[in-house]
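Shown next as structure tokens: one chain only, the form predicted alone.
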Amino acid sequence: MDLGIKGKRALVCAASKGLGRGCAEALAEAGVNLVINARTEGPLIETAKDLSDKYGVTVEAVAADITTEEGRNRVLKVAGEVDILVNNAGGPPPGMWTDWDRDDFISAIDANMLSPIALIKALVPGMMDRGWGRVVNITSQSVKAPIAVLGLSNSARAGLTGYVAGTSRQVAGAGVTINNLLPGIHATDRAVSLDSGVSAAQGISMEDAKKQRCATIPAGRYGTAEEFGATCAFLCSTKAGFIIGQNILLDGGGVNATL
């Protein structure tokens, strides 16, 4: 399918690996020129070269912490006018409700709510002026089905979801769509980390830890970054202009809900 976005310009955050890399690759395959961001310069530059060589698009790499004002300013200076924004940042650490104090919540909200909002506010006005734009926020399945030990993430990402619900409907008439992608477990470094924790806690092998987790997923497996990226690219396409303010689960059926 021709997504109709060849020659567009996109900013993809946390794009050196995992789901962000999957989104960047799918957009590059569709002919989109990229500005990609991550904290660590080496893997980011390597990703930029790989995508540029493979798909023949322009890929500019900006190593910066997107969750800080300084980092955002550095990225925005390079990004300039973009047609597509993919917001992505790692989640706060797990824990129990008794573990977290005000500073923990402020840090989580800064990273997973206020940072994407700042990028939306910086870039969406230009999209509106030009009459076309796409924003995709990578959040979490925990927005639909809260995960107790991820209370910081639940709170911050739910706040972003509420912001998008109203904002997306205010900008849609200008040709700009804003939607959220809610991943469940995918075959990324995050899955390795989670499985390692289960392996250590239960004294089982990594393979058994993965099998145990897969048994809780109706699809019976982890998702892939390629699948996730393809969904992101579709939401960024000219075919998805009537999808406004939605929260789309990519969790293999893990969240057992009708709505």
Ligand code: NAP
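Quick caveat: nothing in here was measured; it's all calculated off a predicted structure. Residues carry their position along the shown sequence, with the first being 1.
Another form exists, predicted in complex with the named molecule; not displayed. Remarks below refer to it.
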Touches the named molecule in the predicted complex: D189 (any heavy atom, 4.5 Å): yes
Contact of S140 with the named molecule in the predicted complex (heavy atom, 4.5 Å): yes
In the predicted complex, K210 touching the named molecule (heavy atom, 4.5 Å): no
Contact flag, R134 vs the named molecule in the predicted complex, heavy atom cut 4.5 Å: no
Interface stretch in the predicted complex with the named molecule - options 158 to 166, 118 to 126, 171 to 179, 84 to 92, non-hydrogen atom within 4.5 Å: 84 to 92
In the predicted complex, the one of E60, D65, E29, E227 near the named molecule [non-hydrogen atom within 4.5 angstroms]: D65
Heavy atom contacts to the named molecule in the predicted complex at 4.5 Å, residues of 207 to 243 in sequence order: none
